[in-house]
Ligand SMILES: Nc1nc2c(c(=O)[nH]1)N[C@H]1C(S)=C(S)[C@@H](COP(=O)(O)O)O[C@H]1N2
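Next up: just one chain, as structure tokens, the form predicted on its own.
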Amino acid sequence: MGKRERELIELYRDDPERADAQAFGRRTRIGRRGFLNGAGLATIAAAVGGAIPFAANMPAGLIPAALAQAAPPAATPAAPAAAAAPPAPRPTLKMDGKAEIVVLQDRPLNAETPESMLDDDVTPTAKYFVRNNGLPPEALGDAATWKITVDGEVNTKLELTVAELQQRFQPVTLRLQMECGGNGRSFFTPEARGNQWGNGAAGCAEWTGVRLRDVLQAAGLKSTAVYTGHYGADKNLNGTDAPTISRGVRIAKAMDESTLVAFRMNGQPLPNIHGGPVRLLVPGWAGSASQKWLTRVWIRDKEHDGAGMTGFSYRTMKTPIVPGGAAAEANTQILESMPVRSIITNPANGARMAAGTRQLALRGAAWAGDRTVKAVDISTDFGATWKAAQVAAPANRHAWQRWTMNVALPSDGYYEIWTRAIDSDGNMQPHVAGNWNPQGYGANPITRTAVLVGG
């Protein structure tokens, strides 16, 4: 018996160059051919479960979204690829008060929310992603007596309990979007270090707290105040007392009216898993600045240099480098406002629709750090054409924006719904993740959602 040729799906996982040659034909002097050859089209159509109406528009080398996350097991004579068992499901969180979101790491606990579970205007606490750098404190005591210190470049050092915060300062309630700095990391090629987040390390809950600005004004900022340094009560994994993470922001961001010292989430006392009894909420910037289990805000006369502020931590490249190449720390800049991003929350990736379905009602969310989203475009033909969705205004500054659109489908088959957002400064999501960096921050390529009609 001769050597069995690997299936196309396996080749895309292990040898993309050879897979391209099989699916799209050999390279020519002007590059890859822009269409599938007959054998490649038949193989991919079988793998995704149906005909591909817009196959002529598929970019050369594109791995279908239905296959991109996990390849099926290798085919055998007894189990051809089209009938191969689906990939094993990823582990999900089993915790009281939390939905079964996807676990990426268990120590420290990190879990993301599938995009289809983010279909609410306000993200329920149960569905909110979990991002930890250390271990949550176990003995919290009475939440009302939890104490926060504000010191450093201030006229008056403050030591305030949560109860005193609530009594002394005007509480506000805002819908605020937040995401992990590494959201989208899995889209980088080659793989960057860290948890391989998709788009689900994000959410937009309703937060109640007091403005950090009001607290800092009560302390009296000195003219030398330029940066904050944040500290929390989470425990270091190595058993030492060293902070697990201590990031900060420019004073201008600390004084933003949306930056909160938060003690309620969706109308309820802030849960321990989300930083309760009190945390910072610095919307629009990397979530690592929103210190959980907050104990101290140190006002600095220089850029903060705590854990997570130096080296390549939460930094992107000033000047792009070759992906996977050597990076110089001098060529980095602190990750501040997060890039524009859009997601499809309905239908779910991999959804199967009844034969004869010719209309899809799409829903999703989009956000853009400190900016707003001015447009969301949708394509159903692999980016050959784009149409504008209806984008709602944010409920308040730094809330995400919901979008909707009805799209027509010409026939049964396999479709990819591509989504890209454009922010108020004209920045648009790229087709592929750009500006590769060692720790994998800022990846925001277009979102691709696979849908099979019939099949």
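Numbers follow the displayed sequence, beginning with 1. Being a predicted model, the structure only gives us computed values, none of them experimental.
What comes next is about the form predicted together with the ligand, which does not appear here.
The partner is absent here; in the predicted complex, the one residue of Ala366, Met338, Met178, Leu260 having a heavy atom within 4.5 Å of the ligand is Met178. The partner is absent here; in the predicted complex, the one residue of Asn199, Thr316, Ser290, Thr123 having a heavy atom within 4.5 Å of the ligand is Ser290. Each of Thr244, His274 and Arg279 is positioned with at least one heavy atom within 4.5 Å of the ligand in the predicted complex. In the predicted complex, Phe129 approaches the ligand with a heavy atom inside 4.5 Å. Interface membership of Gln166, defined by any non-hydrogen atom within 4.5 Å of the ligand in the predicted complex, is ruled out. Contact between Thr345 and the ligand in the predicted complex is not found at the 4.5 Å heavy atom cutoff. Taking non-hydrogen atoms only, Asp234 approaches the ligand to within 4.5 angstroms in the predicted complex.
Per the 4.5 Å heavy atom criterion, the ligand in the predicted complex is contacted by stretch 282-290, the sole one of 166-174, 215-223, 114-122, 282-290.
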